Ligand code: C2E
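Given next, in structure tokens, is a single chain: the form predicted alone.
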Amino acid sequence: MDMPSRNTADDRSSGAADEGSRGFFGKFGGRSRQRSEAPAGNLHTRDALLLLQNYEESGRGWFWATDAAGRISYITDAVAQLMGRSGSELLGTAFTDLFLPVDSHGERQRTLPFLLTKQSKFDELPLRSAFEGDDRWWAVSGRPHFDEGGALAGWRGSGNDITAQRRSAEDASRLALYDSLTGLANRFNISKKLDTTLAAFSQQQRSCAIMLLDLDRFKQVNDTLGHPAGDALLKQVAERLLKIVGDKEMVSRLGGDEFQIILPDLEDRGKLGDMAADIIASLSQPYSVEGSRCIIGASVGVAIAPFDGQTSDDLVRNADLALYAAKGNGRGRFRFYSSDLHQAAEDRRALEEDLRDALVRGEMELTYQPVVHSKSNMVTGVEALIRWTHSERGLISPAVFIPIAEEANLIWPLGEWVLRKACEDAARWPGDLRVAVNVSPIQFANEDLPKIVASALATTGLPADRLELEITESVFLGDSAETARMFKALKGLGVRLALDDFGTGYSSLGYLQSAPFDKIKIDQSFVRGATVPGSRNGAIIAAIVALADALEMETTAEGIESLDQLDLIRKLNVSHVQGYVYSKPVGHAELIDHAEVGSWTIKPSGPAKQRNDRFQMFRKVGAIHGNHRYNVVIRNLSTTGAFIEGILDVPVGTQFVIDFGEGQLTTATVRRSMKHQQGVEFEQTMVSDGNGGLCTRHRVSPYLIAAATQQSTSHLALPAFTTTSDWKAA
């Protein structure tokens, strides 16, 4: 009797069965019988096995089996190949060796070895491939099976590839925690991190500083070059921040052009100030974006826990207040938080309202600082400087109200008034003194500027070559065609153009080739350090002078205050000088008196050598000696010492602890004593507060103050003595 022929499916099944390691059907189905001889039950089993084999071949899933010891007895060959092996190579391998340990990728779940040991079934267990070059994730399910005696015989299970889902979930998680543009932590992430850090540090009595950064003139980039360029610029800003800070997890982009940095275990305001200055200097360097050259800046506010707040809300709020003060005091600077900033913010808002009516009330006036020929000491021109005498508050510094005017959109009417008033005054001066007027970037960007300048010259009759417009390098943002047209229009009027504050970080030799400047003004930051031993500023000034000479431009050195600075400037062939070594700004009436005499010559005078800046003030502080606290007044302050008054006849060599408030304590030794006045030298130098003032490098932690209060309140509430008899009694 002839045997019935096998169908094609039977042939494939039989072939697969001969290769047990290659197919689930072959492993568990055995050699197939002829269909006519197969019982009905076997036919159903065989069909099921064929379906499983087809499922394997489709790549949608895979199967595995182990012996009782957990060693692989079967695995789908296709998935083995994805792991860089073959099915036969993996036979006898511990199934757990196919996957990375759970702890290595941070999963919070029962581990595969634990489940196998407990002989527990499991479903959709996410596991990551352990083989190099294979970054796949698998969802693995398994069931134990037992022999007739109830002993564990092994495991059987399945798996499927969940790499795409896993990466999608990771991407979603990253988007929830990281800024999609820069890759930095986002606001939510950094806020949680700050909360956690401060909570832990409070228990451990550790300090933590934060910096808030805001980019200056970033809006101008977006408006000039478009948002894609702005996005590219933000990426470069993030890269520069990371180079300085180092720890990517501690730098965040809060949104827009705002950034935040967490600095654990850092409360040294000298180091913080240096870092803030480095950040400002780095972010102020030119950028190349889509073929255009961009220049922005940055302002930084700093707050330190626990001194400036012990919760994240308090710390961020106070850092933001410091940032607001930094931007309000001229931008491009940093500021530490102090309690007086709350009142300063209120005062600033009030000043903005008063500034709107200051011109109408006649509170604005101009003073003029002489610009002197360095060789002949002859005054060749003056710079117009605006002064605001408030009806109630008295003299308000331009460093305070000019930034307010810029933010409140008042700089244009204020700048136009200065221009017209300076031309009006200069037209009345005998002789041919030039008058220099500062033009802000906001004014320069206004297409009506040439019309206003022409109108001022025509109305006052001032010759155009006696008007000099001082323009800062920030106007070259984007190197736009509009900038070139503006220079051409102004130069067409016949006025002189001066490049102000050259060398402050925005410098490029490229624009000097095309911009029609008549003069370069060397920033005073180079001058003030030029006479310090080891300084390279002198070489930089010499290079600027050589460059100006080659381009047939004059040079003016700003901020010269000492005779040694003047000597150096003369040796370096700087053509003109401006600074207190010759004259402070003078009023219009005094200027006319000098001009009427004829040639105005000023003999230089001042300290022989540059010395540390001294800040004149009237500030009440505490001076602690032994168990006594004295109320004294600081009359001037430098990085190394102070001039105080309030205690009588203090012996030279006496040591005090000077209490500046808010935890600022420094040891000082009396070096000079004159009745109720003493000159003291600090044991540790003061550091910049970022606002033109000084502060102590370290502060006494509130934790220590609280501990001292518990131990002895007598040391914190000491009696004051101010008379000679009280001093002797002490």
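What you see is a predicted model, and the numbers here were worked out from it, not measured in a lab. One rule holds for the numbers: they count along the sequence shown, beginning at 1.
From this point on, the text means the form predicted in complex with this ligand, which you will not see here.
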Q369, I402 and R528: each with a heavy atom within 4.5 Å of this ligand in the predicted bound form?
-> yes
Out of 571-579, 235-243, 281-289, 650-658, where are the residues with a heavy atom within 4.5 Å of this ligand in the predicted bound form?
-> 571-579
Looking at E561, D77, D354, D268, which has any heavy atom no more than 4.5 Å from this ligand in the predicted bound form?
-> E561
Sole residue of L225, L341, L410, V418 within 4.5 Å of this ligand in the predicted bound form, by heavy atom | V418
Distance check, Q524 to this ligand in the predicted bound form, heavy atom within 4.5 Å | yes
Exercise: S397 in contact with this ligand in the predicted bound form, heavy atom 4.5 Å = yes
P585 within 4.5 Å of this ligand in the predicted bound form, heavy atoms | yes
Going by a heavy atom distance of 4.5 Å, is D308 a contact of this ligand in the predicted bound form?
-> no
